[in-house]
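Below sits a lone chain in structure tokens, taken as the form predicted on its own.
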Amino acid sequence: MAEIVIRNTNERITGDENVRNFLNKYDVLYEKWDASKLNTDLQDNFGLTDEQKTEVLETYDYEIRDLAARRGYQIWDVITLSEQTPDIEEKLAKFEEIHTHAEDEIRAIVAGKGIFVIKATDDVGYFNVELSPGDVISVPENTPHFFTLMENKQIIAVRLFIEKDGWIADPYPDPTFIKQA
């Protein structure tokens, strides 16, 4: 279940309906997939082979195709990140830079946990969306944000793209952003 932390105030928003209502204010899509559908052998395997990634995509084929039909996605893949990932710290450092995209950025978390940090209005500032298995989120195009992992550094997520080349990040320098430890 996703939770939101407003960084300026440390206010925490919990409960699917409360999270959805908050995110709707910023045109952020929030949906749920059934995380229990994933084979238990894959749920804790953060070093998936290509064949296992295909199994993840096959498990969620209906959900992926439904979302693609509604939102215009053309391609999709599975990303796995963990301590096993070569150069994980360098990848995370790259992920943790505020940027925008010309298309929305979507993640369907099927195992592990991650965080989107999203810029809201000036009065709210940045907020974290802490994601767990089953959470699906789409950050709108041109919205300043970044994605990172939680402390255990383990995630399996389905990503969907409109552009066949995937996302191209446009840096978003923001002197008001304060990185939290």
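Owing to the predicted nature of the structure, the values given are computational and were not obtained by experimental measurement. All residue numbers refer to positions in the sequence shown, first residue = 1.
The protein also exists as the form predicted in complex with a small molecule; that form is not presented, and the subsequent description refers to it.
**Student:** So which of 120-128, 140-148, 40-48, 54-62 is the stretch with heavy atoms within 4.5 Å of the small molecule in the predicted complex?
**Tutor:** Flagged stretch: 140-148.
**Student:** Could you tell me if R71 has a non-hydrogen atom within 4.5 Å of the small molecule in the predicted complex?
**Tutor:** No.
**Student:** Is I79 a contact residue for the small molecule in the predicted complex, using a 4.5 Å heavy atom cut-off?
**Tutor:** Although the small molecule is absent here, I79 would touch it in the predicted complex, with heavy atoms inside 4.5 Å.
**Student:** Consider D104 of the chain shown here, and say whether it contacts the small molecule in the predicted complex, taking contact as heavy atoms within 4.5 Å.
**Tutor:** Output for D104 is no: heavy atoms all beyond 4.5 Å of the small molecule.
**Student:** Tell me, yes or no, whether W167 is in contact with the small molecule in the predicted complex, where a contact means a heavy atom of each within 4.5 Å.
**Tutor:** Heavy-atom contact with the small molecule at 4.5 Å: present for W167.
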